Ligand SMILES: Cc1ncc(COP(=O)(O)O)c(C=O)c1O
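In the form predicted alone, a lone chain appears below as structure tokens.
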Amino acid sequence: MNPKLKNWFRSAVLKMKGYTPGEQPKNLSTIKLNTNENPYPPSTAVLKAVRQAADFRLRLYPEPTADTLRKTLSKVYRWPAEGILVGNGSDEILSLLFNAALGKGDLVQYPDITYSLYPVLAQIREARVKEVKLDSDWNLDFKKLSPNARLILLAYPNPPIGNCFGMAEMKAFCRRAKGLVLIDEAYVDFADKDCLSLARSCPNVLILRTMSKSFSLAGARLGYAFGNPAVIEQLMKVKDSYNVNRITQAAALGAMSPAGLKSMKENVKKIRMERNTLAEDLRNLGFTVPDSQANFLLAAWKGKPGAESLYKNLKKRRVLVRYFSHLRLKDSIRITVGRPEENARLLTELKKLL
């Protein structure tokens, strides 16, 4: 019997392709350089906090607005606690923002190319979309952005390239923008600068962070946003009652402890050094690799075999990288920076294939 889907779901949803997450292999011997996870384990302070939280208190609901964590984040980042929102990963906060800010036909804009979840969320809301193509050197011409959009999304650094847009140009645009501007800083701990100062001076700017990357907590799902308290108050209205579980809140508090922050910074330093080494090694093999401020590299290959073939054959050799079918990315693979031995294995397999 065929289900009558058109009677049960909105047409916008039926037409959607949906978000495509990175592959999660079951074979533990596979080297995962495809989903920008941190190759190093979380801090021992995090693991200790999780063990301590896994007791009889699991029968109780968690703090509904993660107030203890918000106060801790407030101290670490010197931001008012009432201007912080905690979510089940930064993706949930993105969903909350789309639900709260956009109705059918409202204008949302973002660069083409950027995080591939943005178009999916726009389709769900049936929003009107304006994609602004990046220049040939992957920079964004802010003059092409409309200041009248209800929501503007800017990733800093911007995936899958890993570059950062000009701070002065971004600041000038945020000041003239009439709608909300979300700056997605998922990878900012690997970069030289951040954009918190923009949110301090512009009440329409939100800064989005995650513990998935630099803090090695992708499996815990913890994101947080900084913004004007009046803006955060509106987003609080549309979140689930208990959106972040007790264990995840405990893990995040461990990550924000002095020991947790120290461990994160040490891992970030190692990844940044490996990123530079891997980029140079890939260039020596003939790849074109833009400078990256994130924990991944976009490696373009114009020869044969093509980039898609490289991706498929690396997978057969149990080395996962990411391939995108986008017209401007079809000659490229995105590579997460792994541990030195993982990067060496990747390079060995690439040399064989090339």
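Predicted model, so just to flag it, every value in this text is computed and none were measured. A residue's number is simply how far along the shown sequence it sits, counting from 1.
The same protein also has a form predicted in complex with the named molecule, omitted here; what follows describes it.
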Would you classify residue 221 as touching the named molecule in the model of the complex, given a 4.5 Å non-hydrogen atom cut-off? yes
- Close approach of residue 91 to the named molecule in the model of the complex, 4.5 Å, heavy atom: yes
With a 4.5 Å heavy atom cut-off, would you call residue 212 a contact of the named molecule in the model of the complex?
yes
* Any of the heavy atoms of residue 159 lying within 4.5 Å of the named molecule in the model of the complex? -> yes
With the partner omitted here, the residue among 271, 97, 186, 181 that in the model of the complex has a heavy atom within 4.5 Å of the named molecule is 186
The one option of 115, 165, 173, 190 with any heavy atom within 4.5 Å of the named molecule in the model of the complex is 115
TL;DR on 213 to 221, 67 to 75, 130 to 138, 97 to 105: the one with heavy atoms within 4.5 Å of the named molecule in the model of the complex is 213 to 221
